[in-house]
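Shown below, as structure tokens, is a lone chain in the form predicted on its own; questions about how it binds or moves come after it.
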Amino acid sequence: MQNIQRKHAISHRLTSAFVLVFLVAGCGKQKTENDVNLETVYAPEAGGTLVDAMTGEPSGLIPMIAGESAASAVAGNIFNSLLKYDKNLELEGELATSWLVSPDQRTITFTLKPNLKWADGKALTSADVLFTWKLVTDDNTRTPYASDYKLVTKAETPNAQTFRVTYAQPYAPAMDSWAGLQILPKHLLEGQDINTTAFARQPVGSSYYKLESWRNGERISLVRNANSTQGPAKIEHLVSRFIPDAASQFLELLADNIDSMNLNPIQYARIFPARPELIKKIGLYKELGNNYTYLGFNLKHKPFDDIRVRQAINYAINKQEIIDGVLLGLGEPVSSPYKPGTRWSNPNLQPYKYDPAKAIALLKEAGFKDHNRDGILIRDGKPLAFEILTNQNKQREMSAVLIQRRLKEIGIDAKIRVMEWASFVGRFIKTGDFDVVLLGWGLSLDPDQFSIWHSSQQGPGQFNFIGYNNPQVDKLLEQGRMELDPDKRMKIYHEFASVLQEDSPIVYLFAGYGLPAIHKRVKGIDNPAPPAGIGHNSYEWYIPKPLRRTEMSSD
């Protein structure tokens, strides 16, 4: 699923993509699946190519600028942060070997691992960390991620292996924020405009992989980085092909041209159970991610500045119908901007029930009392009509169709427009030129959502692109990031979610299950999935030689 992505979302360290595998007749012997036993236990070994499918092409590979999941999926294999989350969602060092928090909770001192290098062989030091912090907090950098780091009042590098930050007051999401900032090379970016640099297409990082090639509209290929700060990965190549259509991806999976993709509910719940031969060669996984799908209003456009109109549309949409019809039940209802079942999700909130009569009453109260000859509600002679904009994602397209039908039943004319992802973000999201969007949020493990909902975060490229402005919410978000007591913090975010639901700036549609399918030639996958998901250790995955595709051979 293509989501606009916050910096803190866990990278699975696995590119979402395809590979072009050259099957050269006469150059090598073609193996068939009948020649190997996929259930055989093999010792881990290095080499091979992992083939994956991605629905959208990244706009660039500098995450602080791109801000979408496609970029994060690839960049997570190229760059490192000071910290990361382990499989149990506990913080551990990545570039940092240790860190120390001062008694007053205002200063954090990170000690970097020794002898770190960039992929080009240059030393990676605390100067690169300081340089990255300066970039993300520069007012000229068009990034949605600056707010966390601008709270740092002082950043310093006492030596090449030490980076120290000081805050004016204790900041609850501080550690999480340093797990989200991917460090960039000073020696390659100093003096450049980070917003337009060619580095976004030719990145040099420090993690398990480095860029091998990028073919527009086709694929991104990564190869193992010999200078990886985290040690060597097992799989030699990760290659990403961009195929927006899930049905096309599925055909490639069946043809054994890819190793991995995210299934849709029909593929997972109906096609696989009816095809036992697929179960023999493809492993299926199910995990509820930290994301949700929503319908968002541009609050700077009429009539969405009227809370009654927003609430009416919320009542008019049958969310369970979408979960059952689009997801085949493989999803959860949502009533707050947090993962269902977590402590941050307010248990006292319930989704807006499906109540078209209530929707009609609210619209009448808002002045939509008459209809035109087409049965569409009008106010001041203008019909209640707008465009729902979404990207090329079948679940979202199908959801939009169900929403369109329910809105038509109460006198609202909603058109649907489907866009390719990069154009969608560049032409509409970053410019604010839309009425209604159908999108998804991939969220942080930390409950802070300042960058999404605070009124100060509405600039170009920032995440509050719907134009939400509520002083009460602003105050709660400011309190939440400064409160260190977990129970007090939970109460703040429960209140925040309650106000947000009443305001209805978005309609929560569902939290869908991630349904990855991975060929059984790929070994080393944790099953059942740990809290961090199956991709937490993808650098340890391996493909035994007998199970690899024939690519090229000199034999």
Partner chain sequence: MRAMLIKSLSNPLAMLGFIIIAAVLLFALFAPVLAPFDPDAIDVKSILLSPSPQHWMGTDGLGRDVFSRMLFGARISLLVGIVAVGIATIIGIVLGAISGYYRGWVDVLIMRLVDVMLSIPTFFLILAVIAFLTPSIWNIMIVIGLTSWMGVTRLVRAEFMSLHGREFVLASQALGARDGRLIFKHLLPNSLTPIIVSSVLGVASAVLIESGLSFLGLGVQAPQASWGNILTDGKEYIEFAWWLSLFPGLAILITVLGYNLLGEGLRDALDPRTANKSS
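Numbering follows the first chain given and starts at 1. C-alpha atoms forming the largest set that superposes within 1.5 Å between two forms make up the rigid core. Note that the structure is a prediction, hence the values are computed from the model and not measured.
The next section is about a form of this same protein that is not shown, the form predicted together with its partner chain.
Residues Glu321, Gln404 and Arg427 are all found to lie within 4.5 Å of its partner chain in the predicted complex, as judged by heavy atom distances. Figure note: of the listed segments 268-276, 429-437, 129-137, 84-92, the one touching its partner chain in the predicted complex, with heavy atoms no more than 4.5 Å away, is 268-276. Here is the short version: of Arg417, His371, Lys364, Arg201, the single residue with a heavy atom within 4.5 Å of its partner chain in the predicted complex is Arg417. Checked against its partner chain in the predicted complex, the residues Leu328, Met175, Ala123, Ala160 give one hit for a heavy atom within 4.5 Å, which is Leu328. Contact annotation: Asn464 falls outside 4.5 Å of its partner chain in the predicted complex, judged by heavy atom distances. Using a 4.5 angstroms limit between non-hydrogen atoms, Lys394 touches its partner chain in the predicted complex. In the predicted complex, at least one heavy atom of Phe250 sits within 4.5 Å of a heavy atom of its partner chain.
In the predicted complex, no heavy atom of Gln182 sits within 4.5 Å of its partner chain. Interface residues of 74-104, taken as those with a heavy atom within 4.5 Å of its partner chain in the predicted complex (partner not displayed), are absent. The Cα shift for Lys84 between this form and the one not shown, taken after rigid core superposition, is smaller than 2 angstroms. If you fit the rigid core between this form and the one not shown, you'll see the Cα of Ile388 move by 2 angstroms or more.
Comparing the forms between this form and the one not shown, the C-alpha position of Val136 differs by less than 2 angstroms, with the core used for superposition.
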